[in-house]
Structure formats: C-alpha cells, structure tokens
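Okay, here we've got a single chain as structure tokens, the form predicted on its own, with questions on binding and movement later.
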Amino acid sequence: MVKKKLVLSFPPRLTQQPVTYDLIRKFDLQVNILRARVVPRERGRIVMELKGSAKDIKAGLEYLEEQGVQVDPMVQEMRHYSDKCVQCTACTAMCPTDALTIEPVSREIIFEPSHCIMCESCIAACSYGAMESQF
C-alpha cells in the first residue's frame, strides 16, 4: 500500500466534474481530502492524500493528467523560513500533525513537510512570518 500527499490544480472547466469520485470508483483509491478551494468558473485546488496499490495510484495519476489536472507533490506548498524564526515554539503547540517539532538538544524548530496537512495554524501562531503557504 502506497500513500502520496498531492496538490491538485483544476482548470475552471473541471471544477464541476466528479474527478475525485472517479479516482475512488475507477481506480480503487482511498482519497483523504485535507484541504480544498473549489469555486465555480475559477481554478480549483485540492490537497489530498491518495492511498492504494502502486499500480492503481499510477493509473489514477495518469487519468488526472489526461483530464488536464496538474498534480504536484505537497511538500512544495508550505515553507519554513529559519532566518525569520526566533524559536519561540508557538507554532509547535498549534501543529496538529507534529510537522513542527522542537529538536531536544538544540531546542530549534524542525519542520517536516511530509507530516504537514497545510491547515495553516502555524501561520496564525507565528508573529514573525516564518511560515508561508503557497496554497
């Protein structure tokens, strides 16, 4: 079983189409939508986790590309700027997935993008602008 966190960008013509339903029905994939912004007649974006066999995920991603959906790995969407971070640790208390943790010895903030679900709680908690979303 393979898991992938992805950002899907839909052209306006596809925001009314059941593309995620097709991933489940046609390719036997588990779809966990972590965040979405879909507005009729505008570009849509969904952050999701896909789970299934490697073969089914590959076929599902090929289907998305054929439909005109841009698929990007999620890790490129959230950034931690260590030069702006003052190590106050406010963000770590707000992070529901432990994507932001404190290194026990140095007491520095560690950002693990693969754990991030882009809830943006850290952005609200950081007064120094050390976290930024590209969503």
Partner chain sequence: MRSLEEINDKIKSGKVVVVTAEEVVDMVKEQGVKKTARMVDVVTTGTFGPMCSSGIYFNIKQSTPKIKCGGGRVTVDGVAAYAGWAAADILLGCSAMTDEDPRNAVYPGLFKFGGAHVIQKLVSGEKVRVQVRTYGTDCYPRKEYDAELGLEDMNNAVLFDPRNAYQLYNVAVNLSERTIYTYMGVLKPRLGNANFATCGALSPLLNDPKLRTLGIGTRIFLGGGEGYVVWPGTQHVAEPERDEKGLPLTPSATLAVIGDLKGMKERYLRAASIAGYGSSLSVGLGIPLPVVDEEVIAYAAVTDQDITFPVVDYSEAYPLGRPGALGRVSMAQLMSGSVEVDGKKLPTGGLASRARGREVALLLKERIAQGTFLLTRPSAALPGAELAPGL
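Residue numbers count along the first chain shown, from 1. Just so it is clear, the model here is predicted, and its values are computed rather than measured.
Only in words, not in the display: the form predicted in complex with its partner chain, which the text now covers.
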Which listed residue (I110, M94, I33, V71) meets the criterion of a heavy atom within 4.5 Å of its partner chain in the model of the complex? M94
State the residue from M48, A99, L61, A90 whose non-hydrogen atoms include one within 4.5 Å of its partner chain in the model of the complex. A90
Which one, 25-33, 53-61, 100-108, 40-48, holds residues whose non-hydrogen atoms are within 4.5 Å of its partner chain in the model of the complex? 100-108
Contact of R79 with its partner chain in the model of the complex (heavy atom, 4.5 Å): no
Please check if D83 has a heavy atom lying within 4.5 Å of any heavy atom of its partner chain in the model of the complex. yes
Whether M118 contacts its partner chain in the model of the complex should be assessed with a 4.5 Å heavy atom distance threshold; does it? no
Even though its partner chain is not shown here, does V19 get within 4.5 Å of it in the model of the complex, heavy atoms only? no
